[in-house]
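Given next, in structure tokens, is a single chain: the form predicted alone.
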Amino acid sequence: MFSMLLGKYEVSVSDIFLIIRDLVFKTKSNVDEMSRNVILGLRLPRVIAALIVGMSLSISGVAFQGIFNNPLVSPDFLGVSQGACIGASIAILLSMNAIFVNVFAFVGGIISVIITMMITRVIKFKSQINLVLAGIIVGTLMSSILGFIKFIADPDTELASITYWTMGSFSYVDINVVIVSVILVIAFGIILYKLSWKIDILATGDAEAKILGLDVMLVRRIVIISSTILTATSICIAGTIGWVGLIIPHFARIIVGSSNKKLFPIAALSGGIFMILVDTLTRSIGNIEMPVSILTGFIGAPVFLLLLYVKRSR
């Protein structure tokens, strides 16, 4: 409600309630059409999109940090963000509309992670650390490809669009993409929640997990696939957004501890709230809307330092 109130066009609280009531119960109240279009066409989709992005990145961060037992792992460490940026950039170079940009971004992120997994299979990596290193290799390669795409892009049109997209924004949220994203986030979020106790076991180490009868490789693959889809979904909506999947899991652990059954819902709620607040600030603090990743970086770095200090004190 707070987020929908703020904006260049003023809409009262009572009008917002009436508009949402009309949407839910299919009624028709006496609210001017401009206010209705602003809320239903712009602000409400942005709020839902920010909520979905914050939830998906936070859930993915909890899952990745759990299965790799590494508090510095973030949802994009397997190269999904870089791959998604390449997919979106190709769509922009081909002058495709926003829907195809989102689809190309999703496919690019998935392909990037598949390449990472194939490297570990071909070279027969056994260690978790080596999977992380493979992700870094693929991410670096994808970043170089993205740099080449920017180099050949038209500096007056395509380069600006690619740069702005990679910095993250909810300016061009499409309601159809949001609806599909809601379905994906709910489905794969439930899968990860159902595996929460197995992720707890994986956090003790592969050897202990195998002794307890857990199929380590199968569980890890399911978690990686589910988390990758969640991360790619969030990138489709708003581009690449940093820090959320890294700091929110730490924040949630301070509140409820390390049990993933408690971590997943608290991290999802915290990430959704954080993302809505950040999006509200980016479109309210100046005359021109600021890219989301800039503000998450300004907030994320000192907050992460504060969280580390709190955990150290405890």
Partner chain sequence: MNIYEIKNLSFKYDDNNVIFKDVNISIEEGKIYSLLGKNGVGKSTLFSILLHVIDDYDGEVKFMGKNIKYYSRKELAKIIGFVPQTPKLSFDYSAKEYVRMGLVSSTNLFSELKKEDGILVEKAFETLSIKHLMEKSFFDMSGGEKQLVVIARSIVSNPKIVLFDEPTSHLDISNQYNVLKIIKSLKNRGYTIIISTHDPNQAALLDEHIIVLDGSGKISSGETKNIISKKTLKDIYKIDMIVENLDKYNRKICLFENI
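Quantities reported herein were computed from a predicted structural model and do not represent experimental measurements. Numbering follows the first chain given and starts at 1.
Absent from the display: the form predicted in complex with its partner chain. The rest refers to it.
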{"property": "Contact stretch among 266 to 274, 251 to 259, 32 to 40, 284 to 292 - heavy atom within 4.5 Å of its partner chain in the predicted complex", "result": "251 to 259"}
{"property": "The unique member of 160, 152, 94, 218 whose heavy atoms fall within 4.5 Å of its partner chain in the predicted complex", "result": "218"}
{"property": "Interface residue in the predicted complex among 113, 134, 201, 173, criterion: non-hydrogen atom within 4.5 angstroms of its partner chain", "result": "201"}
{"property": "Any non-hydrogen atom of residue 214 within 4.5 angstroms of its partner chain in the predicted complex", "result": "yes"}
{"property": "Non-hydrogen atom contact residue 197 with its partner chain in the predicted complex at 4.5 angstroms", "result": "yes"}
{"property": "Contact flag, residue 210 vs its partner chain in the predicted complex, heavy atom cut 4.5 Å", "result": "yes"}
{"property": "Residue 147, heavy atom within 4.5 angstroms of its partner chain in the predicted complex", "result": "no"}
{"property": "Within 4.5 Å of its partner chain in the predicted complex: residues from 49 to 75 (heavy atom criterion)", "result": "65, 66, 69, 70, 71"}
